[in-house]
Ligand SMILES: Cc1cc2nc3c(=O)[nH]c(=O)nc-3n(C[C@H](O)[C@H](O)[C@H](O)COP(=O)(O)OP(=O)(O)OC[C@H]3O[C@@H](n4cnc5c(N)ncnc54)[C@H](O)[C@@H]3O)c2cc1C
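Before any questions on how it binds or moves, here is one chain, the form predicted on its own, in structure tokens.
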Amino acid sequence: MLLEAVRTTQPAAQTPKTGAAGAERLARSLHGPLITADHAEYDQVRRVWNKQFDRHPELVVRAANALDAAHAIRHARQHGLPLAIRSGGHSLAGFGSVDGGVVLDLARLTNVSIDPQTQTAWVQPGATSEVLAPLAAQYDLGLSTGDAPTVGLGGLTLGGGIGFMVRKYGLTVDSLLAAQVVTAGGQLITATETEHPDLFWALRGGGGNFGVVTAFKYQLRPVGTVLGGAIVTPATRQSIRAYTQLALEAPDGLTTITCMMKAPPLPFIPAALHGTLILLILAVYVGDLEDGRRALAPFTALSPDTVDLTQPMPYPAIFDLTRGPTVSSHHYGRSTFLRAFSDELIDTLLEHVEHGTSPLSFAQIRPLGGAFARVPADATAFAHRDKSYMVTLINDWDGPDAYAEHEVAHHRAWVDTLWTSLRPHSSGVYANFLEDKEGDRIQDAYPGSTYARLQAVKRQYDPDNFFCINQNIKP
């Protein structure tokens, strides 16, 4: 379990660039609240999910609509202030805040409007999977989003969106029909396949480089009751080799996300496995339940010690299994796509995870394929359709010494050492899983002509690179 700890900090000494009169003018123009450093809520709203980033913005605009976003952009430009944009604040790289600048906080924009006849939904960027999924489930519909319940759909969508239905229905951007965007000039435009099609292409995977999206229109998909839950099995070279192969060969309806980790002392895990290396397989099968049981049968037979906790459930219930990791903590990681899963790689992961530095030192494996792979590589700005797996090295920690330099270095070193061994196998990276100071990997996220095409769109919609607190595409 994550330890609950609160760090007492004092705002860094800064000279406000806006001034009281400028802040007052901005506040009068907004429909949502403007939070300044002397506000009672300031210390709460300035924080982001990853406690490694403890920043002090000059202003936090808690937008109530697209007009507020436009006012925030114009104010930041007029006063020469950097602008950070956040939907849920879960950016791994901490891009949801900025010292001495303006934070445009979209978390209050949570409206969801579903048309059951067309099976479409307009969704604001602050809405999350735990907001959207139950509403869509009322019509036996769903959207392929991420795997965490509290991540804002704004940032998730703009980076691509890889989650529990990626093999059945592809990425989140594969279901995107339209986006309402506030540009760097403060104008509100709509991007679709026929309106601003170049921008619409870039928004589907290119991140927050091109504007502030204040509403998304998605095509919802048939979902209904799914077969979902967890499968726990000992992690060995044989079980990992079998799992990674089975997961690629499985029917499209089955998506799995697996953590290789030391088994925590939870009641549903046999005591004999506590503290040993396991595969914690989170599975979702969308389709006929009997077909789902047949699809899962090989996974439940990976070992005589396998524990099968899957069952029929409403799709929104799967997010209850991933709620814990979305609790704010200190986080550090590295991620990559892979084309193959060799025995050498398996042995490397087993050795390093065995010697993790926290209870949440683990390697996450996401087998891909299915509908994800059938979208042409140039159809969206997400160009990694030919990749078979995504592997993410994760270290989360907390506690009274979590901010101490030696503690941070200790946990980061575990990730960096494992990443050094993993990097020769690397084949690109998911932009949303790039960490802070990984700008040198931006062309790994957008390989070949994809990056050049994104630059052309950037030059058209943000030639001054005003939107630069992100995994940045330079004009």
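Nothing here was measured: the structure is a model prediction, and the numbers come from that model. For every residue, the number given is its place in the sequence shown, counted from 1.
If you look for the form predicted in complex with this ligand, you will not find it shown, but the lines that follow are about it.
- Residue-level contacts in the model of the complex: of Phe341, Phe95, Trp397, Trp201, one residue has a heavy atom within 4.5 Å of this ligand, and it is Phe95.
- This chain is drawn without this ligand; in the model of the complex, the residue among Ser175, Thr183, Thr326, Thr392 with a heavy atom within 4.5 Å of it is Thr326.
- At a distance threshold of 4.5 angstroms between non-hydrogen atoms, Thr258 is out of contact with this ligand in the model of the complex.
- At a distance threshold of 4.5 angstroms between non-hydrogen atoms, Met165 is out of contact with this ligand in the model of the complex.
- Taking the partner from the other structure, this ligand in the model of the complex has a heavy atom within 4.5 Å of a heavy atom of Ile85.
- Using a 4.5 angstroms limit between non-hydrogen atoms, His90 touches this ligand in the model of the complex.
- Proximity to this ligand in the model of the complex, taken as heavy atoms within 4.5 Å, picks out 424 to 432 from the listed stretches 57 to 65, 27 to 35, 424 to 432, 404 to 412.
- Every residue of the trio Leu106, Leu158 and Arg366 has some heavy atom no more than 4.5 Å from this ligand in the model of the complex.
- Although this ligand is not shown here, in the model of the complex the stretch 200 to 227 places heavy atoms of Gly208, Gly211, Val212, Val213 within 4.5 Å of it, in sequence order.
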